[in-house]
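One chain comes next, on its own, written out as structure tokens in the form predicted on its own.
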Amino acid sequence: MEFAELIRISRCDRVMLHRPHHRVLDGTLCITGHHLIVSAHGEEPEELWLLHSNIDAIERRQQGMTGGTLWLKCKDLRILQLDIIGADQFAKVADTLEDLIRVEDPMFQYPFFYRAMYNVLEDGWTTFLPESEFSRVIQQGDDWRISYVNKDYKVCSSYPAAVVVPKNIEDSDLVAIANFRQGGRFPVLAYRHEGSAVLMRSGQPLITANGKRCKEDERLLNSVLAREKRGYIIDTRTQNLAQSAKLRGGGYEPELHYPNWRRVHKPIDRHHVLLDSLTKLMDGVNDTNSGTDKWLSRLESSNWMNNIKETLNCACLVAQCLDQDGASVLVHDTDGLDSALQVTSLAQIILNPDCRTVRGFEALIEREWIQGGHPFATRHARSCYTPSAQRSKINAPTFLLFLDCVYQIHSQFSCSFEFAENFLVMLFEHSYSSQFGTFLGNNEGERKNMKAPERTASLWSYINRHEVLPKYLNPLYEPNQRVIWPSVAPMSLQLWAGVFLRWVVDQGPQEAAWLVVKELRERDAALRSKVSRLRRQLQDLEREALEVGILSPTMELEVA
């Protein structure tokens, strides 16, 4: 396929662009293989560049032979309006864009054509390798090791090549366990808390209605428990759903075969249920004509805030088991690709202060989501503006819900995070549509087959540059080494205005306020540095005065 086959018209004059919080742009529309570009006429240069992959749905409103209006509904939740003159041009532009936004071959995506115009000082593709990330966990004589049983991605297609497993479990055992777990996702280490308590994740066991068991799986789970300690299995499905999964070849860990593990069900919505929730939320947000009561009612009925509450509640339970009970935890849903990753990631943010730094949070995203096998390409292929009939049940805003949960913790502990809110917004945008290859594909194996590390730029390489990173830093940051316990009470949770309301309500005043806060903090830091420098100079002068006899030890005490 060639892009030229899909582009019926590459240029269209006399186009009117309406976009949130901007004046109407009268200019020329250009369509390339990857971008829609609208350039303004006149002396002041103004342009909009929009990746086709960011467009979720297109609505046509033709007005006879005079042309028509295209509504471009984007995955970053924007809605753009294009007024096009001429019926023929209108139809060609609409057909071209509808074809380009549905190009499914990953090798035709923009990251493979983008060339970084900056010096790459740090290769983001190799910054967060498992060998370095788990170096503090895996020490000589320790109980854990890195296994390369999945080096060819044949044991588990969604796992990375390197995983951390108990040292006394052989690779042959892992193969047997993979055959017993959904999608081959055998239990692997996600995080080791202070002491011996560990956090693991996996897919559901394939118990089936016949009560199938796997002694290797039982031995692996028992091997991570300290003597006379019990562990917790947190299943993010309802008990009825877990029970019915047996009839479909799945199931849950029976107490008979896992006597040292207590199973707890903490149901969390996922997949199409979550996408339906986001759709209802955005329908309410974009209805600017409704009154306050109706608006609040639509927000509540969307169930989005309840999803946040349930997810945070489950993460807090996991963190409590690890920190207060000193118990190890295994988290899984059905396939271990969605709510399990949300919970293990949030638990680490609650417990581990390193995950609240920029580098630590990047490592967490890389470790738990990108290397962990969250299927970004599948989940983000469609979003909330795509008509229900055109969606798949496996499209879901799982990662957005996770980022929203992080935002809720961030808003409650605003001084404990090194990064600002806009860092989370940026990750949301790039996870759906990006010039970088970091979120390409569904797993590490797919990215390797596409040669993404060699052929695309890493988002981390760009973000961590000294001229880019400062705009994402939190001016209120004060390192906090303690565990932070977020509140999940309804009055403690708030709608994320920086994502859901930014195209409806101008966020300019809030952004300006944060700039003032940043300037004040920088000024405070400069003044503190000056005070320290003057104190050192005073001490040096006092020392010189003592040496030449101008100042006596008694006078020095009086001055001090």
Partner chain sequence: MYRRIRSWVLDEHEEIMFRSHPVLKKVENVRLLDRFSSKRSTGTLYLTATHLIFVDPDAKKETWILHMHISSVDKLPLSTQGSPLQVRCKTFLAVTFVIPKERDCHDIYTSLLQLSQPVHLEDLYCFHYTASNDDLDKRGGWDLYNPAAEYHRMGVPCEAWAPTTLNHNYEICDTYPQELYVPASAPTKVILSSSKFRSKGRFPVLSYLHKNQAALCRSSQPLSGFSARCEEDEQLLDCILRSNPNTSHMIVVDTRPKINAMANRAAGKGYENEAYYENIKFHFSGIENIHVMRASLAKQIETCQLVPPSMNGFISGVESSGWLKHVRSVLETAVFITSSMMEGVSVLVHCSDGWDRTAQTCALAQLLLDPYYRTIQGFQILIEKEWLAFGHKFTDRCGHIQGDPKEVSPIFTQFIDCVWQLQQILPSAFEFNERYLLVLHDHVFSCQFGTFIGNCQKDRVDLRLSERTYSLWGFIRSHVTEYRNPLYRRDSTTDVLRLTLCPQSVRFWRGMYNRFENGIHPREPLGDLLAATTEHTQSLTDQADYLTKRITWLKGELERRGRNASRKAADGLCDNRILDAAQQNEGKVESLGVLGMQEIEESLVSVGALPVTHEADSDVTSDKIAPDTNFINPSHLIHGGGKKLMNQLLSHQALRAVSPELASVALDWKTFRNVKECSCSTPFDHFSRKHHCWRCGEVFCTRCIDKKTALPGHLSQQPVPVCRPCYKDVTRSVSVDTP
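Definition used throughout: the rigid core is the maximal C-alpha set that superposes within 1.5 Å between two forms. Predicted model, so just to flag it, every value in this text is computed and none were measured. Residue numbers count along the first chain shown, from 1.
The same protein also has a form predicted together with its partner chain, omitted here; what follows describes it.
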Among 387, 490, 211, 259, which has any heavy atom within 4.5 Å of its partner chain in the model of the complex? 490
So its partner chain isn't shown here. In the model of the complex, which residue out of 170, 152, 293, 255 has a non-hydrogen atom within 4.5 Å of it? 293
Tell me, please, which stretch of 243-251, 406-414, 425-433, 127-135 lies within 4.5 angstroms of its partner chain in the model of the complex when heavy atoms are compared? 406-414
Please run the contact check for residue 476 against its partner chain in the model of the complex: heavy atoms, 4.5 angstroms, yes or no? yes
Indicate whether its partner chain has at least one heavy atom within 4.5 Å of a heavy atom of residue 521 in the model of the complex. yes
In the model of the complex, residue 494 touching its partner chain (heavy atom, 4.5 Å): yes
Taking heavy atoms and a 4.5 Å cut-off, does residue 485 contact its partner chain in the model of the complex? yes
Sequence order please: the residues of 515-535 with a heavy atom within 4.5 Å of its partner chain in the model of the complex. 516, 517, 519, 520, 521, 523, 524, 527, 528, 529, 530, 531, 532, 533, 534, 535
Aligning on the rigid core, do we see the C-alpha of residue 11 shift 2 angstroms or more between this form and the one not shown? no
After core superposition, I'd like to know whether residue 25 moves between this form and the one not shown (criterion: C-alpha shift of 2 angstroms or more). no
Exceeds or equals 2 Å, Cα of residue 61 between this form and the one not shown, core fit: no
